[in-house]
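Before any questions on binding or motion, here is one chain by itself as C-alpha cells, the form predicted alone.
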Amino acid sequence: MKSTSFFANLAGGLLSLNAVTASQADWTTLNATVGGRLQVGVPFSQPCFPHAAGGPKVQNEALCAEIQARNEDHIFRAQHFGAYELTQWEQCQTQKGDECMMDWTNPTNAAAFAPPRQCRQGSVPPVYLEVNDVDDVRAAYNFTKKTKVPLVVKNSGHDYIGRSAGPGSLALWMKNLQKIELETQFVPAGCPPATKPALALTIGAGQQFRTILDFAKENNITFAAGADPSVGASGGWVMGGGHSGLSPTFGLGVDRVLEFKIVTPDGVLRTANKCQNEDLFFALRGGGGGTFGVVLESTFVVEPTITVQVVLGMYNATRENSKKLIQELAKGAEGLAADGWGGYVTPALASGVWLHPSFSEEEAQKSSQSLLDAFASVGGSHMFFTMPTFTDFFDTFIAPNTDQVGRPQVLATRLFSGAALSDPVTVDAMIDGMLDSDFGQILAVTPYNVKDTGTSVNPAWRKAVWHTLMSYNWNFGSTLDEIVAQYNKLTEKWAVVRERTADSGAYLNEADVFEPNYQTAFWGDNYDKLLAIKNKYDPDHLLDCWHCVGWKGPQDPLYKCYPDPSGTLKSSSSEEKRESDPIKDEL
C-alpha cells in the first residue's frame, strides 16, 4: 500500500487543503523545497473500505486481504505510514466513526468496513514527509514556524501515548534513515585524543530492532535491544529510557548511548555527547523523543557476542496459580536482579522466561533457584537453555510472543523496588490489576546493577527490580463512553499501586495516557532541568507532544482526539471543538 504524491492526491480529490491550516501557496513552497516529496497520509485499513469519507472509491481487494492477514504483524505495520502498532492513534477517539479500523478480533469481519461505514482520517497526520537529510527537517521547521501547522515525528509507530500522531499535523517519517555502521575504535566527536575508544554501533533513526539484531549476529556483537522487532533504536525507545532483558547487567539504552546527531528547532545539526552539547546529551538520555529536536542517528556501545543462559518456566495459568506464582517470584526478585537476571512473566502465555549474559550453566542453575521454587509451588515446570547469541534468544523466546498490536490498547505501568515487592498489600494490588485486565506482564528489565551515568530518566529506575503493566482494549465502532470506561478502569485498578509506591514512577514510553503527576512519575527531580533545556533549544515550542517536557496542554487542537476521562482536561466539549476543527474534509 503506497501513497501517491501529495499533489496527485490533491488533484484526485482525496484531500482538501481545508484539511490543514496552511495556504496552498505555503504547501506549494514546502513541496518544492523538499523536491516534490510531500505525501498524503493514508489510513492503514483504507483499501478495505469501498469509499473514503466524502471521496472516491478506494477499495483494493488484494491489498485489503494482505492487510487483514497481517494486521498483527509488527514489521508490516511499521512499513506503512498510516499504521500505528496500537490503533487508537489511528482513530479520533472523541468522535464516533472518525476512524478507519478493522475488527481486530476478526479482521475479515465486513461489519467494520461495509457501507454505511466509511474510511475517515482519525488521528493519522494528513500530510507527511519521508526524511532523507538535515535539509528536510529544516524545511519542516521553517514551514511550521510560518504556518503554525503542528509538527510530529514518527518512527515505527510503536507509540503508546500518541506522540507521533495528530489531526491536522505535518509528520516527519524517519524510516529512510537506515544507516548501520560498526566501529571498533569509536571516540565521541570532540572528545580528547586520550579518550578510551569503544566498540560501537551507529544506527540511523529508521533502523528497527529486527535488522539491528540480525546485523549484530552477523558481525559477532551484542546489542542490548528491547522486546519488539519493530521498535526504532534511535527513536523514542532510547530517548525515553530503553529497557532490555539485558538491562540488569548492561543498563538501559540511555546508559549505552554514546552520541546523538540531532537537528534542533533552530535548524542546526548538533552532535550531543559527553564532550559537547552536554546539556542536550543529558536531555536526550531519558527526556523523551519528539520534543528537543529530530534525532537522525545515535551511536551505542556494544559487546562482543555473548552466550546467553536461559530459564523457561511453565505452569497452568489459572487465576489462583498466577497469583501465587507472582507472589513467590516477588520474594526472590531483588536477588535475581542483583545477580543480573533479566526476564518477562506473561500469565496470558502461562510462562516466564529469564536470561543471563555471563553465567555458566552451573552458575545459572544455582542462581535461579528462587525461580524454580516459585514455579514448583504451583505445580509448574522449567527448562534450561544455552543460546549462542542474544539474537538467538530474541528469535526463540521474544519475537514470537511480542506485544499485542493491531488493536486499541491503553495501559498503566509502575516501577517496583525490592522494598515495594516485600509489601504483600502492594504486591496483591499489582497482581489483581494485572490479572483483571485484558493483558498484564512483569518485565524484569531494570538497570539494577548499573549506576546512573548522567541520564535524565527517573532515578527510581536504579532501585527498581520490576516494571509491570496492565492494559485494556476496545474495538472498532466503540462509543466515547465505552472508550472512557477503559481509561477509567486503568485509573481505578492501579490507584492502590500508585498510592503505595509514591516514591517510584512509571516508564514514559509505556505509560498511562493520563498518568497522574506525570512530570514526577517520568522524571523525578530531573524535570525542572529538562524544562530549562527544552526552553533553551526550542524557545518557540515548535515540537510539542502529549505529556512531554514542556507540554503546552490538552487545549491545543492537536489533542482534540484524546478523550477526557476526568471531565477536566478541556474547557469545551468535543462537539464544540469539532465545529472549529480545521479538518472537515476527511480522507
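Since the structure is predicted, the reported quantities are computational estimates derived from the model, not experimental observations. For every residue, the number given is its place in the sequence shown, counted from 1.
There is another form of the same protein, the form predicted in complex with a small molecule; it is not shown, and what comes next is about it.
Asks: Any chance all of R163, D228 and V231 sit within 4.5 Å of the small molecule in the predicted complex, going by non-hydrogen atoms?
Replies: Answer is yes for this spot.
Asks: Taking the small molecule in the predicted complex as the reference, which of P125, G242, G343, P248 has a non-hydrogen atom within 4.5 Å?
Replies: Of the candidates P125, G242, G343, P248, G242 is the one lying within 4.5 Å of the small molecule in the predicted complex.
Asks: Of the residues R285, H356, K154, R256, which one places a heavy atom within 4.5 Å of the small molecule in the predicted complex?
Replies: Residue within 4.5 Å of the partner: K154.
Asks: Wondering, does V294 line up within 4.5 Å of the small molecule in the predicted complex on heavy atoms?
Replies: Yes - in the predicted complex, heavy atoms of V294 and the small molecule come within 4.5 Å of each other.
Asks: Spell out, yes or no, whether the shortest heavy atom distance between F390 and the small molecule in the predicted complex is within 4.5 Å.
Replies: Close contact is absent here: in the predicted complex, F390 is far from the small molecule, nothing within 4.5 Å, heavy atoms only.
Asks: Looking in the predicted complex, any heavy atom of M174 within 4.5 Å of the small molecule?
Replies: Yes, M174 lies within 4.5 Å of the small molecule in the predicted complex.
Asks: Quick check on P447: any heavy atom within 4.5 Å of the small molecule in the predicted complex?
Replies: Result no; P447 lies far from the small molecule in the predicted complex.
Asks: Thinking of the small molecule in the predicted complex, which stretch from 501 to 509, 428 to 436, 269 to 277, 116 to 124 has heavy atoms inside 4.5 Å of it?
Replies: This holds for exactly one stretch, 501 to 509.
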